[in-house]
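A single chain comes next, written as structure tokens; it is the form predicted alone.
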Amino acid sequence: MNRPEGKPTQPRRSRPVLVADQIKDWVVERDLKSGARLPNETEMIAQFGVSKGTVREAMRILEAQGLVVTRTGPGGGSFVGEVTSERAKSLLANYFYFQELTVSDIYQLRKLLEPELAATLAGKLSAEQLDRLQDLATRYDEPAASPEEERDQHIVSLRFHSQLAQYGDNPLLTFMVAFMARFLTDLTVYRRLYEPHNEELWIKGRQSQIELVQALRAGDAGEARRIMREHMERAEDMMQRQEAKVRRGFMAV
């Protein structure tokens, strides 16, 4: 019998997954922090009215997500874990890997967020932080001489943006900027977007980053915002062309 048309049915969630969600809700309701001890297995069986096997599987799910840490030995047990930024980025990247994002999809957000991040950091960075950014911006003083060096230059250029994000004080903004830099790095490597040699991309990208560091050092928020916005617009255009060249090359094989 044909299924009637309408909204697609959601996959049925297993009991351990449901219990894992209940445990998370229980932790949130009590405002438990990282390191707080969780009830033992017997207490959880009574708390959630499920079997030992279901509780154990639910805890394994939470451990895989980084939300629970289990220690053995004296003083051992299960404790609230803290998901690191790197782990969160990895999990999110796994999700977007199957969404077939384009360069335009990524830059739509980068153009909105990165100019604002740059503006908020103007005049607020230490000499050491500015020197770190300057080092990344000027790491290569010559265009790439090989595809491998071209790849490395792309990666270092994007690392500049990740480093800049680490200096922000808005956790959500800094996470999103750093995540997009990481995802674009992966996209560049996976799709080999670095292979068509593009000296213009290197020259303009390098110069924009040097000028941005100068604006940040001078404490000029408006100039930092302008430089980053124009940098994002140029980079999007040139990366789209890189993507198109790679696609044409693939189709010609």
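Just so we're on the same page, rigid core means the largest C-alpha set that superposes within 1.5 Å between forms. Everything numeric in this text was worked out from a predicted model, so none of it was measured. Residues carry their position along the shown sequence, with the first being 1.
There is another form of the same protein, the form predicted together with a further copy of the same chain; it is not shown, and what comes next is about it.
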Among the candidate residues Lys204, Arg191, Arg60, Arg37, which is the single one with a non-hydrogen atom no more than 4.5 Å from a further copy of the same chain in the model of the complex?
-> Arg60
Counting non-hydrogen atoms within 4.5 angstroms of a further copy of the same chain in the model of the complex, say which of Ser162, Gln153, Gln134, Thr120 makes the cut.
-> Thr120
Any idea which of 106 to 114, 123 to 131, 137 to 145, 153 to 161 reaches within 4.5 Å of a further copy of the same chain in the model of the complex, heavy atoms considered?
-> 106 to 114
Is a further copy of the same chain in the model of the complex near all of Ser85, Ala88 and Leu91, within 4.5 Å of a heavy atom of each?
-> yes
Using a 4.5 Å heavy atom cut-off, state whether Ala64 contacts a further copy of the same chain in the model of the complex.
-> yes
Distance check, Ala46 to a further copy of the same chain in the model of the complex, heavy atom within 4.5 Å = no
Could you tell me if Gly73 has a non-hydrogen atom within 4.5 Å of a further copy of the same chain in the model of the complex?
-> no
Would you say Gly53 moves between the shown form and the other one, meaning its CA shifts by 2 Å or more once the core is fitted?
-> yes
Superposing on the rigid core, is the CA of Leu184 displaced by 2 Å or more between the shown form and the other one?
-> no
